[in-house]
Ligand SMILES: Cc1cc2nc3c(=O)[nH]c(=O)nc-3n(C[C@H](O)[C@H](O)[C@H](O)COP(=O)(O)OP(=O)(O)OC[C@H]3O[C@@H](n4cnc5c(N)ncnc54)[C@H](O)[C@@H]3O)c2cc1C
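This document opens with one chain alone, in structure tokens, the form predicted alone.
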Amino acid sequence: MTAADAVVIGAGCAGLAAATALADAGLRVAVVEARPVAGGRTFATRDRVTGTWVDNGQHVLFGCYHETLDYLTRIGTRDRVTVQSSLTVPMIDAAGRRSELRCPPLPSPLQLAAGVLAWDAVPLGERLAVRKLAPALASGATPSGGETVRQWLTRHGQADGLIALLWEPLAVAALNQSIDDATATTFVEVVRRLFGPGPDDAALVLPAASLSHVLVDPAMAFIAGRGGDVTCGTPARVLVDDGRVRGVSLRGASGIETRTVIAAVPWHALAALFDEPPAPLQDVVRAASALGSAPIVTVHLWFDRDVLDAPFVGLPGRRFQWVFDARRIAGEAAHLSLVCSGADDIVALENDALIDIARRELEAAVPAARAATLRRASAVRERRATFSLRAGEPRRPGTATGLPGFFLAGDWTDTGLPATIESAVISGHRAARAAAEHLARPSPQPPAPSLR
């Protein structure tokens, strides 16, 4: 058996954030990932036909992702993202009308109000209603009970047109669920942070390379460069003895002795870390296993020419709500990614059907796509892309658990945010701090033998 100060199970953003923070503090860290590649739900692979790097799903960051940007600085990739000077969102509605929401760099929440008031996609009377949200956002009040996003928006005077063109696309992208299903609490927190006090909080931050090259591979190199280790393709089990963490066992390899484990796995994988969850964890494991999931579908299209004139465009009123241009974002070939969040109604379709829907919706919105030749297409499903935010779901757990030395990380833990990279990184940093504090305490000594 080898030894480590801490073992992190799971090499997604949460696990890598935790591991790099611990390694940066001078601790010996071992990261174990059950899947063949690191990255969790944020990784890239080379397309077998074109040879281009393709992310498993398009991810957008914002300037209010402060801990994610700190993480990128730590691993040396802060220069691999492109930051907009202010929030600018081009839209093409279901009738084919194009508009652009441009929020100027003003103090919060003036930038949102100024952007919406100048946006001619909806009538002026509906635009004026955005002012009614400012007191609700500034008050810090929490939406009531199981109130849905739509109910909360309607209660605060937001008209149907503004909801359809602005709030619904933003909410579905952030929450990965219908605004008639997702509760409003997390959405309100997203909006508060997005239009927060920082001058760049609302700025869009787009990875200028693949997710693996920005978020994952440099983190693995960072850990290795500080004496740590990352092992992929190896499921792990947590070893518990006398009510404490003693290490992890690894399938097909020797185990790792440690008194600190961070479980940075998805909610649905927590139970698999134990042959039988110890008593202090049974309620947490039961709740995690009962937490619902929501899917995302991404269709990638390679054309023989440029089709978009912007890095991304919103497509409200369609199944695929956003289209991203990899060439304008990351310098790739003419490769577009169309994203359907909250994809419950199409995730079971065959690839050809998904590609056909995406292409037809693109051509209806972007005339240039009709004249372009499609050279290659693929579809990617993430059936459990995010945890559910419906009313009645189990409560999300915190970092600490009832088992000494065992901590939780993951976007599904209680960060107050939906399943975003920022939520994952926040959880990883919290777990790293808790683990470091645990390690700073003296290790309990075994009881002395009884003399009789």
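The structure displayed is predicted, hence computed values, not measured ones. From 1 onward, residues are counted along the sequence shown.
One more form of this protein, predicted together with the ligand, exists but is not displayed; see below.
Ile296 within 4.5 Å of the ligand in the predicted complex, heavy atoms: The answer is yes: Ile296 has a heavy atom within 4.5 Å of the ligand.
Residue contact check: Ala431 to the ligand in the predicted complex, 4.5 Å heavy atom: Taking the distances in the predicted complex, the answer for Ala431 is no, it never comes within 4.5 Å of the ligand.
The ligand contact in the predicted complex: Arg35, any heavy atom under 4.5 Å: So Arg35 counts as contacting the ligand.
Exercise: Val60 in contact with the ligand in the predicted complex, heavy atom 4.5 Å: Yes, contact at 4.5 Å.
Answer option from Val172, Leu273, Ala164, Val89, heavy atom within 4.5 Å of the ligand in the predicted complex: Of Val172, Leu273, Ala164, Val89, the residue with a heavy atom within 4.5 Å of the ligand in the predicted complex is Leu273.
Candidate from Val313, Val116, Ala269, Ile256 lying within 4.5 Å of the ligand in the predicted complex - any heavy atom: When the ligand is considered in the predicted complex, the option within 4.5 Å is Ala269.
Listed range touching the ligand, judged in the predicted complex by heavy atoms within 4.5 Å, from 405 to 413, 46 to 54, 391 to 399, 22 to 30: Flagged stretch: 405 to 413.
The ligand in the predicted complex - contacting residues of 216 to 252, heavy atom within 4.5 Å: In sequence order, Thr234, Pro235, Ala236 come within 4.5 Å of the partner.
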